[in-house]
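Below, in structure tokens: the form predicted on its own, a single chain.
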Amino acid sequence: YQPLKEDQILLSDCASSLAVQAYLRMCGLPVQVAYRANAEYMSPSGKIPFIHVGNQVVSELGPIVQFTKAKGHSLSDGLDDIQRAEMKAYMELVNNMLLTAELYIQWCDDATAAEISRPRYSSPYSWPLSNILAYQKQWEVRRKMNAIGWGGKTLEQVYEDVSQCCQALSQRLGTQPFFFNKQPTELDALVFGHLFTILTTRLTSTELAERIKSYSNLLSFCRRIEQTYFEDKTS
């Protein structure tokens, strides 16, 4: 489950939703995407996306990975302890840098918030609720940014953080098809979800996508996963 695709969903939620979709497809599991205007409020954690399997509801990639693992579907079973620790460290990097940068640009950059984030976020609701919910969300994210030390950053500093994250990912990937050689893991799903969404989402500036385009192996990686797991398949 995720917010409405055409009118409502924002970059960060779209990236997280795509990462979960990629992970489930990599596991060979069937995926049926449901779009709901109130998906955020349906989620047990208030975070997007969440899956509904039988009578169980699980939200966000980490818990979904644990849930599928308990059901006998895992992408990282072939990794040793050192590789597993390395995978988790890179996943933390993506969540701490890319996801935070997405949230910052959506809600702390005034132009993006006014032109894209607030109108899209509030689109399913009528006035004045639409305004109240949008500004409430913006205040919530800005408070979080202040708490983690991102509140005082400039847009250029955020772009530089994204570049450093991409450089680290690019170096780790090298010439391999996936981050841990020939088989994808949840790290590959997470990185694809964020990079592909940034590359294909319209923002007030193309700078975020341009930072990713500097790394040709990351672009090839995104194309490879798209072609392998998403082409000729209904989403």
Partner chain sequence: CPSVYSLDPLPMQGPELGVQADDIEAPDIEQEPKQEVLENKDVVVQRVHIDGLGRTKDDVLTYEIAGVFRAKNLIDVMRKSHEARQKLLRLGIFRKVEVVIDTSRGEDALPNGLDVTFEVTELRRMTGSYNTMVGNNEGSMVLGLKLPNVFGRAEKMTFQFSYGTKETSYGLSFFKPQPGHFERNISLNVYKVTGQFPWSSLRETDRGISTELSFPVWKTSQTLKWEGVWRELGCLARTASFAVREESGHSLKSSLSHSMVIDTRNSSILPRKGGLLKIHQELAGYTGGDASFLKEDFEIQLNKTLFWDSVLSASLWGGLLLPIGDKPTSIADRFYLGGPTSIRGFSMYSMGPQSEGDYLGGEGYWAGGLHLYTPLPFRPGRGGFGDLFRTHFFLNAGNLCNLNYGEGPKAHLKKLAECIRWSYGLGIVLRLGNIARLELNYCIPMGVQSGDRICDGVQFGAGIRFL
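On a predicted model such as this, the values are computed, not experimentally measured, just so you know. Positions refer to the first chain, counted from 1.
One more form of this protein, predicted together with the partner chain, exists but is not displayed; see below.
Every member of the trio 36, 125 and 132 reaches the partner chain in the model of the complex with some non-hydrogen atom inside 4.5 Å. In summary, the region of this chain contacting the partner chain in the model of the complex, judged by heavy atoms within 4.5 Å and restricted to 108-116, 156-164, 133-141, 80-88, corresponds to 133-141. Under a 4.5 angstroms non-hydrogen atom cutoff, the partner chain in the model of the complex has residue 44 among its neighbouring residues. Residue contact check for residue 57: one or more of its heavy atoms lie within 4.5 Å of the partner chain in the model of the complex.
Shown alone here, residue 229 lies farther than 4.5 Å from the partner chain in the model of the complex, counting heavy atoms only. Contact check for residue 52: a non-hydrogen atom falls within 4.5 Å of the partner chain in the model of the complex.
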